[in-house]
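Below sits a lone chain in structure tokens, taken as the form predicted alone.
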């Protein structure tokens, strides 16, 4: 059988499709032959009215699906009603439910996938649409808190259709300078890594906080870095207060555990712990963008696990190494009505099949332990190289194999990247002068030494 975890995830992502019915005449036909598909049912079987007692009716939803029990042409709901499905999730099921050939692709990963303290997942197609819809979820959650038990007013319903308040409220998301959260319009308002991403495009008037700029080596600048983080946290609180006074209260805070595109910028676990407390204090949702850091590259499956918090996030976005996109979220961030967070596929179900096998490989091959070993060798090697070439290299940093090092200037970085490529090593830049390292989880220590030898040759020739 398919993984219960992934199947439940698929069910959560697809359950909003509506079942439509209409009066119809009786069509007399020849007796249908018994199905020759072993995984198909023999016919419909209705046990309750629809919606049944186990379905929580929320407007346009007539029932919730039980994808574990659905087979072939038959969709089963949570009350055990079995229906011949001629609608197939808005024409999206190609070869029936639970086709055995598809189930063969599924494995049984353990429950290391879901972040701690988070019970729901919303699949999407990519990192940008994951964050975009996570922002929507935070706005919906925030307005529902303000509205309480009351339904949206007629004024809200009408004004939202012409992009006016109160239906389109003046809410905001607080983000950090140097952050990258995607290229869609809402995400671009929280992206501050490179001008090329934002030039000529309208943006929301949302608050932007400074991200700590740490000095390296960390052990030599403990006091200075603590002061820098305290400064940034103080500015976060000040921005929340100022935007509330402007009439654009902060519904959520979004942050990367390591600012990747912006230059592999790190902060201490204490910084993130205090930031989490600030979000809670001011009633803001706390959204951790793990699109690039999630999936094991830092030595833990989720980079925010390094913070040591029992309750580190309300929403966690994922993509890239997870092969699909989406976000995990707490129950209270679940949209209250159908179609508020919605698209046809709600992600790509086939990618969930591949993800199941990837998770199985991570577990059976102990790849997170491998990442810790090779990451330690990589970072130590970068330390040695920056000591050998202090005029070119500085600020080596990282967690696991999620590492980076600064180059003296952009022109030198470009030259080093090209020369390394000519010697058979592909590297990438980030920020204004950094080289970032993003190997696969199967990157081993001997690969590290192979790279270090080649890169040393490149640096020696450049010198």
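Everything numeric here is computed off the predicted structure, so don't read it as measured data. Numbering follows the first chain given and starts at 1.
Just so it is clear, the following notes concern the form predicted in complex with a small molecule, a form of the same protein that is not shown.
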| item | value |
| --- | --- |
| Candidate stretches 79-87, 173-181, 349-357, 271-279, one within 4.5 Å of the small molecule in the predicted complex by heavy atom | 173-181 |
| Heavy atom within 4.5 Å of the small molecule in the predicted complex - the one residue of 252, 296, 375, 127 that qualifies | 127 |
| Position in contact with the small molecule when the complex is considered in the predicted complex, options 133, 122, 265, 292, heavy atoms within 4.5 Å | 292 |
| Proximity of residue 314 to the small molecule in the predicted complex, heavy atoms at 4.5 Å | no |
| Close approach of residue 320 to the small molecule in the predicted complex, 4.5 Å, heavy atom | yes |
